[in-house]
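Just one chain is shown here, as structure tokens, and it is the form predicted on its own.
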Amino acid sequence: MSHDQTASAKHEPSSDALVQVRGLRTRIGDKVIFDGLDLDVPRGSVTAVMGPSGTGKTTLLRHLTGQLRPDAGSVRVDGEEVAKLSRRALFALRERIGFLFQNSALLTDFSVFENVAFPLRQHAKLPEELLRDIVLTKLQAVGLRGAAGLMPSELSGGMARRVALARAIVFDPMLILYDEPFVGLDPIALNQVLRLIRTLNRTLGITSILVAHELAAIRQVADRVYLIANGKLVAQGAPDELAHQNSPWTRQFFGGEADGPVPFHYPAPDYATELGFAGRAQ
């Protein structure tokens, strides 16, 4: 099968896919974000979504959590059509999805313990002793039980990311969405987060979707990569396979070329005409 056929082929519904996207079309203002996007995320996998800036990677995560409705097409999570869920059913689905924000989004006036406890206090009526045990268990899982009493201002960037991850798993979710989880991390913190993502997937049976740009990190943790550009899926495969694919999209994105399918110049009128040179020449 050719690259174009691979990128554009319609997927058949798969019973082992936790997330199924079919024919997704989304327009925000005058900009087409998705134009017939199809992809599957297998249960228990770590799947990376990559692509040039502004191609809708974070928008895809918003579709999965029902924050944004598609103009056409289907987005299903665990067999449920997200856009058709009632308000109650949508909130129930969201409680089964953990979200790790790019900036960690910790509550600055709360301790590490209270940041992780916050979702439980908001959505579950638990005895304080049980709540304490759950929070400490999650902090232990990310190696930060000893930091429970610290404030966010006392944490390094990597520690803050791990606290946010503990909060994301506090409800034992079936799915975790990571939005740029590696940004700003030093090599040690990066490796710690990578190990946690893989360990949590394996030990807890969680499915993970990562939006990221760092191919070296993705190659260590992801089972599959989807490359999105111009509203479509332009390449897919295992990280090592994709890195060596000889298509214009993969060459530009993974090779860091300044120009290619994603042009250096934003669309604009003819340069000479706009500067008035054409009229002066006459």
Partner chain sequence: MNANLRRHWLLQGIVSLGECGIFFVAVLGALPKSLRYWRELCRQVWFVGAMSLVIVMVCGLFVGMVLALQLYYTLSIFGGTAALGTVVALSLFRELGPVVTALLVAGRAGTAVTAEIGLMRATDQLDAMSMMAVDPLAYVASPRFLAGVIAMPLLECVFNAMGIFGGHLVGVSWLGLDNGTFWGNMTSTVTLHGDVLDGLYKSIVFGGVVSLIAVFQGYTAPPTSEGVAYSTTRTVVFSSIVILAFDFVMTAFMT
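Please read these numbers as outputs of a predicted model, since none were measured by experiment. Numbering follows the first chain given and starts at 1. In this text, rigid core is short for the largest set of C-alphas that superpose within 1.5 Å between two forms.
There is another form of the same protein, the form predicted in complex with the partner chain; it is not shown, and what comes next is about it.
Among the residues E154, D71, D109, D133, the one placing a heavy atom within 4.5 Å of the partner chain in the predicted bound form is D109.
Just one listed stretch, out of 207-215, 185-193, 117-125, 74-82, contacts the partner chain in the predicted bound form at the 4.5 Å heavy atom level, and that stretch is 117-125. Under a 4.5 angstroms non-hydrogen atom cutoff, the partner chain in the predicted bound form lacks A141 among its neighbouring residues.
Looking at R198, you'd find every heavy atom of it more than 4.5 angstroms from the partner chain in the predicted bound form.
In the predicted bound form, none of the heavy atoms of D172 sits within 4.5 Å of a heavy atom of the partner chain. Mapping the unseen interface onto this chain, I97 counts among the residues with a heavy atom inside 4.5 Å of the partner chain in the predicted bound form. Each of R62, Q67 and A105 is positioned with at least one heavy atom within 4.5 Å of the partner chain in the predicted bound form. Residue displacement note: Q192 has its CA displaced by under 2 Å between the shown form and the other one (rigid core superposed). Annotation for R88: C-alpha shift under 2 angstroms between the shown form and the other one, rigid core superposed.
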